[in-house]
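The data below hold one chain only, encoded as structure tokens and taken in the form predicted alone.
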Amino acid sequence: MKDKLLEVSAIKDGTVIDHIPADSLFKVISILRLEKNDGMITFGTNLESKKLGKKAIIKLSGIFFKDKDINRIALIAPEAKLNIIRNYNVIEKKVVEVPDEINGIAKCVNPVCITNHEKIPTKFIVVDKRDIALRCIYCEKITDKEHIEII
């Protein structure tokens, strides 16, 4: 039997974002603006995953996310899981879920959309939760996962 090896060290209090597709790690770091954080952040990529093949993980000491941030994660890594850690123990597990509506998080891809010219918050209806596709309520343009720009 193969010995189990902890590939990334434990944190005392904070959040672990697990099951991020390996190719989405740096997008998640960017949309959460983690480069501006001065707390301890540990991340790993290309870790083995039975479900994803290769996955990434982010451990954030002392950081707990609001729903709006969780929705940002869902747009980039809809299969991600959040583990809330207190005193080295997982006290809560959250499955990241793509909501039915996305408000003020993503930019419309349509260059002539009113949201790109006026101070109007973006609003999208999610038309495909699995592959991520958003329909702008103002111009009806569909934004797919490859073209989502988080604001």
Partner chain sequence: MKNKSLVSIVDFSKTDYLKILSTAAEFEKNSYQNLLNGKVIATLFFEPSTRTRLSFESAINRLGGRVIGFTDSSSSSVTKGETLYDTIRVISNYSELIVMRHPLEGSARYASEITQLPVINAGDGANQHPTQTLLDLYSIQKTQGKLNNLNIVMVGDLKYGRTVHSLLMALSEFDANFYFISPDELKMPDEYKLHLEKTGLSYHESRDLDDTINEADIIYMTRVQKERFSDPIEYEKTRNAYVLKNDMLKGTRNNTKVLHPLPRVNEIDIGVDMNPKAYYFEQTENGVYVRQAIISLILGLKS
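Bear in mind that the values here come from a model prediction, so they are computed numbers and not experimental data. Positions refer to the first chain, counted from 1.
Not pictured, yet referred to below: the form predicted in complex with its partner chain.
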Using a 4.5 Å heavy atom cut-off, indicate which stretch of 106 to 114, 38 to 46, 66 to 74, 89 to 97 touches its partner chain in the model of the complex.
106 to 114
Thinking of E118, K123 and C139 as the candidate spot, does its partner chain come within 4.5 Å of a heavy atom on all of them in the model of the complex?
yes
